[in-house]
Structure formats: structure tokens, C-alpha cells
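Below, in C-alpha cells: the form predicted on its own, a single chain.
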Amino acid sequence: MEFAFTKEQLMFKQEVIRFAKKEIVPRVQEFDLKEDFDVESFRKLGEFGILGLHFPEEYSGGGADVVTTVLAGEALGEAGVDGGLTLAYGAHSFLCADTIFRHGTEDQRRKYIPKLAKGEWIGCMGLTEPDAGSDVASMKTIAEKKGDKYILNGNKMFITNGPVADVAVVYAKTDPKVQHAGISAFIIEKGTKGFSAGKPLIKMGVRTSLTSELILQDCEIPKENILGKEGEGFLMAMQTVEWDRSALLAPFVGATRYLLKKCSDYSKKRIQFGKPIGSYQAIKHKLANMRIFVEAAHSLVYRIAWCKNQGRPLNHLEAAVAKLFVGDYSLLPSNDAVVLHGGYGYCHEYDVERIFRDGRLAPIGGGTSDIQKMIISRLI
């Protein structure tokens, strides 16, 4: 397979980097310290066109292909945008909006996609539960059909954008007697009676991304709010894996590029024992390892994006390898970056500390590394 970015794609990436450095990065440290969601920066992502980049223009999107969309995520990380904002973007654009676009009726698309693409509304996805994470089929949230309505009861947990979302794609069992085949998906708007979000969780990293529980207590929604047909929810959730293994991983790759630049510059300026620390073999090896990770992770992530662009069915083995590699091995360069900066690397003033914390989510979110190993071993 021969793959190369077009001139237009590379120019677009630089445009995203310039935009992010000017409009978003100066605000990152402030909101990370406050553990608060930067609504203004999120809206700017919408105004620039990133939130709706891959949607057709008729829905206020940019009409971009998958590779270009993934490139935008990498560019945000490379510019120094924090992992919280890129996570909020991913949950909004791919886990929520894209699911509505793929599986919604034309009325549902017209109602929700333009608002989500422009950043006027914020979206989230409610799948994980307190006792149902990797084991999706064990979810306990129930959707009972009564006349022309569904009544939902249950709790969702660790929901990115939960406290600030205007609309959510929520998964529930319409047939509790069966496993995966009994799961359905629903669109629920903020303010719906019986639907609420819990308090934001205090997290180690990605602190500008607000995460909470979603609570459904006799939540009543019209039957028109179901996505697709009853029992199709599990397949919808699994289709988001294609984005999980490409667009949602891309900011981690970009963040490592950012780390590599920061560490390279610092190693030239920091003098110890009469010469720059970059002249010592131990530091050279750290920088080399960062570059090795970037090259390998870049190839894995864009291979998934390229295949998705070609309309090829997802290769679950390759997807699991990509998720596991980026998840586990991104921790090594971020750890080396902190060590390379010495005491400064442990201080918030230096971005390497934040990136180290943000990166700890990579082996957990979207399917843990242990689950990826299960998938890989089963498929080989």
C-alpha cells in the first residue's frame, strides 16, 4: 500500500496548527488548573469547521474525507491543545454526532447535525455503566415501550461531556432477555423529564473534559427518538470503534510530536556539566524513542483511517493493535519527557506534566489494553 498526504491536506494541517496555537493553546493552562470545560475554545472549533469536518456541506459540515479529519485531530495535539478538549471534541463529533448521521432518519439528521457541526450544541454518548464497561451486553439500563413512547431507567457512567451536553445518544436494552441483540440506541435532549447528569468527576488528567454520570429515572421520550430499529444499538456502538482507532487516537500521536519538539529544544538549552544535556547518550536515546513511537503510531492510526476512507470493512485485529500500541506505548515518551525535564517536568508550568497526566487515559478509554489483547489473541 502506498500512502501519502496531498498538498492540500498538509496545508490544512498547518492551518489547524496555526489556528490552535493562536486561539486555543493560550487558554489551556488556565482551564486545566480550574478543571473546567473551555466552552469558548469548543465553540471556536465549531467556527473553524473542525467539529463538523467530515459531515456533508448540506448539514453544515466540511465534506472532508476520513484521513483529513484524522489529520485535524493530530494537528490539535501537535499544536499543544490539551487532551481534555480533544477528548470532548471526539465524543461530540464521532461518538454522538456521527452515530446520528449514520443511523438517523433524515428528520433527525436535519434537526441535530447542523447544530452539532457548528458547535451550537454539545453532544455525548451514554454507553458505559457502573457495572458494564467492556462487557457492554451486561448493561442494565432498560427502555420499555409504552404506546408511542419509550420509558428509560438506568445509569450511565464516565460519560465525556455529560454535564454540558445538549443532546445524548444513549444505549438501553429494549429486550432484556437477550444479550447484544437486545440493545437499542436513543436520542435524548437536555431538559427531558427524568434525564439528568451527575456532578463532574475529579480526574487525574483530561481535566478540561467534564465527565459525569447520566441518570435516567422514568425518562420519557417519543418513539421517534429511537435510532434505527430496536436491537441495532450494539452494532451502532461497535461502528464507533473505527473512529476510536483513528480520529480519537490521533491527538495522542500529535501530542507526542509536541513533546518531541519541546524535549529537543530543552535538551539544547539545558546545560549540565558544561554542555547541553542533548549531547549525552541517555538523552539522545530518549529523543530517539519518542521519534520511533511517533512513526509507528502514525502508520497504525492512518492505516485505519485510510481503510475507512476506502470503504473497507474494519480489520478488528489491526484496530486492536493500533489501540493497544498507542494506548500503552504513548506512556513511555510522556514519562521520558517528564524525566528529561527533571524537576521542571514535575511542575505544571511545563506542558510535559499535563501531557503525562492526559496520556494516562489512552490505555483505558475506548477499550482497555487488556481487552485489546483478548481481541488480538482471539483473532490470531
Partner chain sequence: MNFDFNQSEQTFLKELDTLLKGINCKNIDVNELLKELAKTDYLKIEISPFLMAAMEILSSYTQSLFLSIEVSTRIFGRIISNFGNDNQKQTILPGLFDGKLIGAVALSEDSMNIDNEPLKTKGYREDDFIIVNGNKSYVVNAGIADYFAVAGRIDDKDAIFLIEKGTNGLSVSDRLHTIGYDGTSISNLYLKDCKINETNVLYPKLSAIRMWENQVLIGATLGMMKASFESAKNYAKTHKTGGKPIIAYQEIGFKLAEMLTTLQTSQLFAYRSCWLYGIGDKEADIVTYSAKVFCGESAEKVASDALQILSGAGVLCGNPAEEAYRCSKYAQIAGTSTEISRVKIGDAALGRL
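Numbering follows the first chain given and starts at 1. Treat the numbers as computed from the prediction; the structure is a model and nothing was measured.
Beyond what is shown, the protein has a form predicted in complex with its partner chain; the following relates to that form.
Just one stretch in 135 to 143, 94 to 102, 115 to 123, 291 to 299 has heavy atoms within 4.5 Å of its partner chain in the model of the complex, so which one is it? Stretch 291 to 299 is the one.
Is it the case that Y329, even though its partner is missing from this view, gets within 4.5 Å of its partner chain in the model of the complex, heavy atoms only? Yes, contact at 4.5 Å.
Going by a heavy atom distance of 4.5 Å, is G278 a contact of its partner chain in the model of the complex? Yes, G278 lies within 4.5 Å of its partner chain in the model of the complex.
L314 within 4.5 Å of its partner chain in the model of the complex, heavy atoms: Judged by the heavy-atom cut-off of 4.5 Å, L314 is well away from its partner chain in the model of the complex.
Determine whether any heavy atom of V67 comes within 4.5 Å of a heavy atom of its partner chain in the model of the complex, and answer yes or no. Because a heavy atom of V67 falls inside 4.5 Å of its partner chain in the model of the complex, the answer is yes.
Select from the listed residues S267, T128, N225, T192 the one whose heavy atoms reach within 4.5 Å of its partner chain in the model of the complex. Checking each option against its partner chain in the model of the complex, the one that comes within 4.5 Å is S267.
Quick one: name the residues from 307 to 334 with any non-hydrogen atom within 4.5 angstroms of its partner chain in the model of the complex. Stretch hits, in order: R312, L317, E318, V321, L324, F325, Y329.
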